[in-house]
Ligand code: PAF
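One chain comes next, on its own, written as structure tokens: the form predicted on its own.
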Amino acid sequence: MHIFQKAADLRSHLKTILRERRSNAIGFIPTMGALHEGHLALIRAAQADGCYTVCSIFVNPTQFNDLSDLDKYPRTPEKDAALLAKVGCDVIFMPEVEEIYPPGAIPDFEIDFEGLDEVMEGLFRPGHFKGVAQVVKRLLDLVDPGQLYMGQKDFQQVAIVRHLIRVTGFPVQLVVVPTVREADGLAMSSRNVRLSPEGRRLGSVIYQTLVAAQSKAMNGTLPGEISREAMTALSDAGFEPEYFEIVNSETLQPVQTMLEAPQVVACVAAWLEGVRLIDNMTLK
């Protein structure tokens, strides 16, 4: 396994790899570290597709609208490297901030998200998706992969990145890997380690609420009623829910009936013990 901190060294190495393999052989997995089985599932998916795997570990400051959240974000580079080595990742890219954002070298990045950034996460984390798009574009420019692997847990982020690829015309295939969950259903997240044992036990209520929403949708309950009942259930369980939205998977706009879109997804964000947890589940 190779570890690079400098973009120039990474590009030189990958240029050699591309001469030896087909042009779309690089599979890229961008992360912010504090890796868990969900991240490793992305590595395995890329390997199953025959890719040369490149995993970046970079805590991107431009996507944090709350600097205290940035400070508290877990950083475990040695553990991360050991996990990636164990699953056979080919390259780790661990740049410093100055390597991704050289002073004066990166122009301000603007993109019209066509409303994808104005709902759900966008309401509670202003500027977040601009930072996500900025760092993903920068990393794609540096790595130049044929395939980009992301997890379904960050459903809105996936929609943003899909839109970014479409409007920029970047020649990469986005591969979305299903959410990896703990045995009790809690979506794996780097933030879960900040929960107390009791909080960790309560965390599974989010999954239970999504499953209940799926059942109600199948039985004909209207989306608005499902959302209201889910918000109440989460509050009663001790969460501070921010939203429970049932949306068109393409536009991310709320639906009034399950017939409004080919695919309908329930998306949720809630605080527990000062930790913000997100999840989603396809209802149709």
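Residue indices: 1-based, along the sequence shown. As the structure is a computational prediction, the values presented were derived from the model and not from experiment.
Another form, the form predicted in complex with the named molecule, is not on view; read the next lines as being about it.
Within 4.5 Å of the named molecule in the predicted bound form, a heavy atom is found for not a single one of Q152, V265 and L283.
You can rule out all but one of 108 to 116, 208 to 216, 129 to 137, 92 to 100: in the predicted bound form, only 129 to 137 has residues with a heavy atom within 4.5 Å of the named molecule.
Among residues of the shown chain, A41 is not one whose heavy atoms approach the named molecule to within 4.5 Å in the predicted bound form. For Q157, a non-hydrogen atom is located within 4.5 Å of the named molecule in the predicted bound form, even though that partner is not displayed.
The closest non-hydrogen atom of P30 lies within 4.5 Å of the named molecule in the predicted bound form. Along 63 to 90, one residue reaches a heavy atom to within 4.5 Å of the named molecule in the predicted bound form: Q63.
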